[in-house]
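Form predicted on its own, single chain, as structure tokens, below.
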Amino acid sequence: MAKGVCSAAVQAEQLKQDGNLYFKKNRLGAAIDAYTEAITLCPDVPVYWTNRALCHRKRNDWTRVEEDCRKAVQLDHKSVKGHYMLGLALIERENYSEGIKSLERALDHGRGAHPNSYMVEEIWQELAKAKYQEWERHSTKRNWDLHKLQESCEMALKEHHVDGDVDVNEQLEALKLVFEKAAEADVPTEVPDYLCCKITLDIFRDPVITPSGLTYERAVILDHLEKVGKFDPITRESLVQSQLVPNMAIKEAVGAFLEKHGWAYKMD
């Protein structure tokens, strides 16, 4: 029995390699067939499911992407690719709430495994885009509701205006200021400097603090330490990866700012 299981695993792995080769040559149908055979032999290996999901993604077959990725994350709840593509599939059918949750899980697991990898950056960009789209939808509705409410209030003021009362124009101006104040959160401004990395000048995603008290974006400072040198890029003091500590205060501040100002998710 054990020999049979071992043989099936070897065959499945070879089929995965075949599928990878087909995928690189853009032979998606052949790749899907190879991964499907691998799944038939060894259905409990999550990478076979995510590899097949990647083929379906290239075909824009989001229903099958979702099906395969749900199976992958069921088998491995830390599957970065599983959560990532599941999030993309859910957002594709405008299930922003669940899609964003899946992308956030992918980002958390990705940062834990490879904090400065290209995939973490890719996931963040998709998450930011989804968050911005969600904010834009809600913002449009809020602005429309405020506009209609303002119109109703202005009409009521004019209808109930009596000669000798306070100048209706003053009341209308005061009302306008109230509604402008209510809409402020949806008006793009500038992100405060303390919420932005000193190297990228972008809002923090995963801030870490150095012994000198300076805060950087994790992926950026790791890249600096690897490619430039083991020193703080601003103070020039000696610095190694083990000295970097998550700056939870800034991370929470960024989260609170983005929660209130969703326009800041927009990528240039």
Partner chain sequence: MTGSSVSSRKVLSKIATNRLQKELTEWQINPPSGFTHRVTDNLQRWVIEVNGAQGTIYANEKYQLQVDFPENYPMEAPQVIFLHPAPLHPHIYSNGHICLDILYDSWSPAMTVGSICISILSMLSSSPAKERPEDNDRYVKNCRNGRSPKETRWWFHDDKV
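On a predicted model such as this, the values are computed, not experimentally measured, just so you know. Residue numbers count along the first chain shown, from 1.
Only in words, not in the display: the form predicted in complex with its partner chain, which the text now covers.
By the 4.5 Å heavy atom rule, the three marked residues 190, 223 and 233 all count as contacting its partner chain in the predicted complex. Screening 39-47, 22-30, 62-70, 224-232 for residues having heavy atoms within 4.5 Å of its partner chain in the predicted complex returns a single hit, 224-232. With the partner omitted from this view, the residue of 136, 173, 92, 121 that lies near its partner chain in the predicted complex is 121 [heavy atom within 4.5 Å]. Comment: its partner chain is not present in this chain, but in the predicted complex one of 200, 212, 238, 241 has a heavy atom within 4.5 Å of it, namely 200.
Mapping the unseen interface onto this chain, residue 125 counts among the residues with a heavy atom inside 4.5 Å of its partner chain in the predicted complex.
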